[in-house]
Each structure stands twice: as structure tokens, then as C-alpha cells.
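Only one chain comes next, encoded as C-alpha cells, the form predicted alone.
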């Protein structure tokens, strides 16, 4: 837990399920880096924040995914964080500086759907290097299939593997809630890159499928799109703690068959949160 510097931008408040997500991600990224050996690998985060968050209803200030990626014992060769506004970028720069001992951190300010912004990212990633992208959008409207296609097509590493994508798919509290709203049709189509989702919507409206089946098919449709981009392994995991049904799905697109086990171990185990009494007894990586 960190002390909050009140002169900085006040971090956003998060609910327990988000805190749980960050704790799981910390375990995942630590385990992921242990598999790298001496291979060069880049880390990309498309929707990075200011570095800190506050658990809603508490005084608990915790690090967000960007700082957790920087804290792993085994390091990535390069870190790239795309931040939407300058104030968050300045805060993340200040908080990441102590971890940037090898001058490997790049903070890019802008919207990742902007062609110039995504090109800045690609210019920093050697085409022969392995890379992992965390895609955790603040709602489905911010994520477009065109961005996913560009990431998948950027290039392959020396093993012939495309950029790995760890997607926090905003299903329950964003996509499913807005599925039948006419004003949301365009943004959902941009999310999937096609209109196949409308068949799921129609089946739900006429009662052919219930919420559970609609939830499953929406996730499966997105996974099918990733498969169509040529990824060999598509894994979908549904975390349930603090939110039943789950607020989000985790979708991993990879050309390696070893990543799914890391994902399940990180998100599937019981854990305490920083604001809970027994957290200090939990062994952290």
C-alpha cells in the first residue's frame, strides 16, 4: 500500500472486483516474466492510468497494473504505456521513474485508436521481439476491433509468434447492459468489427436465449474473431469473486500453449485484498 501524495491528481476510486483483478494480474505478470528466460520481450499497456487507485470506501491506495508490471523480478526489455491525458501521464512518469533504472519505460499520451499513437507504439517494438499487450479498456466503447487487428498484424517474433493479447473483456457491466439499446449499435459493431452480434441480440429479445447464454455467445463471438486473426490458442476465463455473474471475462490470445495455465492459476486461487485484515499474511511474489 502506498501513501497518497495529495498534490498529485486524485486516483480514481475502484470497487473490490477491480482490486481483485489487479491482485490477480500481479500474480499473472510475475509468473509470465519467469517464462521469458533470456528472450527479449516488450510489455504494452493500451489504457494505462496514473499509477495508483483507491479502494472505494477505504483509505487503501494501491498500485495499478502499470506499476505492477514494472515491479516484477524478471524485467521486460521495454515498457510502453499509452495514457489518454497529460495529467495521468505526468503522474505515471513520476511513479514509474524509480523502476526505470535502465531507461526502458516509454509513456505515450493519446488515444490508442489514433493511427499516429499506435504507430508510435509500433516504432518502439522490434519486429523480432516477443511482446505482450494488456488491453483493459474503461468500457467497450473505447475498444475497437481495428486496434486489435493492428496489434495482431504488427509482426512475429523469432519463434513465429504474434503479439500476445491479454484482454479484460467488459462484458457484464458494459456490453451486455447496452446490447439492446439502438444508440449503442455502432459502438458494439466497432468492438466486434462485424454485425454478427446482432443475431445474439435478436435471440435474446425474442426469448430464444437467456442472459447466461447471451453472455456465453458474446464472449465466444469475440474469441472467434481472434481465432480468425490466426492465433493458435484462445483462452477465456470467468473470474467470479465479488461479482456473480462476473463483471468481465479474461480473454487471452496467444501462439503459445503454456500461457493458459498461468492465467488460470493467477485468477483461480483464493486471495486476500490489500484492504482486508489478513492481506499482510499473504505471500506476495
Ligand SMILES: C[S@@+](CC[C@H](N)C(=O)[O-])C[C@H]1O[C@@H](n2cnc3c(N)ncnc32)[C@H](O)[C@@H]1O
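Computed from a prediction, not measured in an experiment: that's the story for all the values here. Numbering follows the first chain given and starts at 1.
Below, we turn to the form predicted in complex with this ligand, even though it does not appear here.
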- Message: Quick one: 11, 61 and 89 and this ligand in the model of the complex, is every residue within 4.5 Å by at least one heavy atom?
- Response: no
- Task: Consider the chain as shown here, without its partner, and state which of 84, 147, 187, 72 has a heavy atom within 4.5 Å of this ligand in the model of the complex.
- Result: 84
- Which residue among 253, 29, 46, 218 has a heavy atom within 4.5 angstroms of this ligand in the model of the complex? 46
- Query: 150 to 158, 136 to 144, 72 to 80, 89 to 97: which one contacts this ligand in the model of the complex at 4.5 Å, heavy atom to heavy atom?
  - Reply: 136 to 144
- Task: State yes or no: in the model of the complex, is some non-hydrogen atom of residue 112 no more than 4.5 angstroms from a non-hydrogen atom of this ligand?
- Result: yes
- Query: Any chance residue 22 has a heavy atom within 4.5 Å of this ligand in the model of the complex?
  - Reply: yes
